[in-house]
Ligand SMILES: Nc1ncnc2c1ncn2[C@@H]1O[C@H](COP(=O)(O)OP(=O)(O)OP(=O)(O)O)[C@@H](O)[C@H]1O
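Next comes just one chain, in structure tokens: the form predicted on its own.
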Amino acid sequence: MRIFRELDFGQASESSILEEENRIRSKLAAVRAVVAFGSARGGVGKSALLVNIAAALALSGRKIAIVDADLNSPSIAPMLGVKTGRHAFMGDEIEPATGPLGLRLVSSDFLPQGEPPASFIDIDEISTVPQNGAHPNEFGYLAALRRLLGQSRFGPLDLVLVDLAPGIEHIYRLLKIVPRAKLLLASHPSELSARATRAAIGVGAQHPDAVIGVVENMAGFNCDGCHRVRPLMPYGSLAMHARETGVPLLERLPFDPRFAETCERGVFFIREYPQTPMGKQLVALAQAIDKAAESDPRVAASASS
């Protein structure tokens, strides 16, 4: 396993952290809204959903950037058909890659190994402990996320979509350094995933108006032969938890084998299969996210400050 950490993280001071967070606000000043895609558990298809939602937004005329913040398992670049290793730092800044439909991408795949401001190291090689007592992996993720957001040349954009690593703790960290961010949560129908998603909703609810809603992925199998959506696993728990927490269940997306296949080829499902039930639902989901971000009073307040 590899982890992502700041060089000499034991020497990080409160003043340097504050400076980086001020830099993040500056870099995002011309961005209308930041939307984080999170999941309490892995394997729910969150990254693939983000890529297709980003494509739908771009096709509608929005200017979009994606930050692949799953630092140990970045996957957005191959889903976009973007080759890694061709972008480097421009002085103290990161120049995002440009992908199809004008989508801009910032990913740990583009960061040079063994060079400032961040590096990959083996977990077994860590011999020091941060002065604040945090686990190196926890400290390292937050430090690296600050660097990715605070050193990227985003410029004027409608939305920055952040693909978080699975886990509630990463949702907490993102909202800590970008308090005005919106949050979309992805889950699949199982009770375990639904229960964990409820806990994630609780984290997001600490920031008023942050949670856009929940998406239930792999809610059923779209059977072309019988023209029905047949269940893949027990369902109903996620809708119950969403209802009880007052968060909307935005879409229940069926499983479609072609969805994974298009991601593997680096093309967009919504362009290859726009008339499928899932294709239409993804476009509707993109519209809901765009509307929620546009109507967020925290974004307007931030823009006027």
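Remember, predicted model here, so these are calculated numbers, not experimental data. Note that residue numbering begins at 1 and tracks the sequence as displayed.
If you look for the form predicted in complex with the named molecule, you will not find it shown, but the lines that follow are about it.
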| query | finding |
| --- | --- |
| Among 22-30, 35-43, 58-66, 241-249, the region lying within 4.5 Å of the named molecule in the predicted bound form by heavy atom distance | 35-43 |
| Heavy atom of residue 259 within 4.5 Å of the named molecule in the predicted bound form | yes |
| Residue 255, heavy atom within 4.5 angstroms of the named molecule in the predicted bound form | yes |
| Contact test in the predicted bound form: residue 267 vs the named molecule, heavy atoms, 4.5 Å | no |
| Residue 79 within 4.5 Å of the named molecule in the predicted bound form, heavy atoms | yes |
| Heavy atom within 4.5 Å of the named molecule in the predicted bound form - residue from 213, 150, 166, 96 | 166 |
| Contact at 70, 217 and 278 by the named molecule in the predicted bound form, all three, heavy atom at most 4.5 Å | yes |
| Residues within 4.5 Å of the named molecule in the predicted bound form, restricted to 46-69 and counted by heavy atom | 46, 47, 48 |
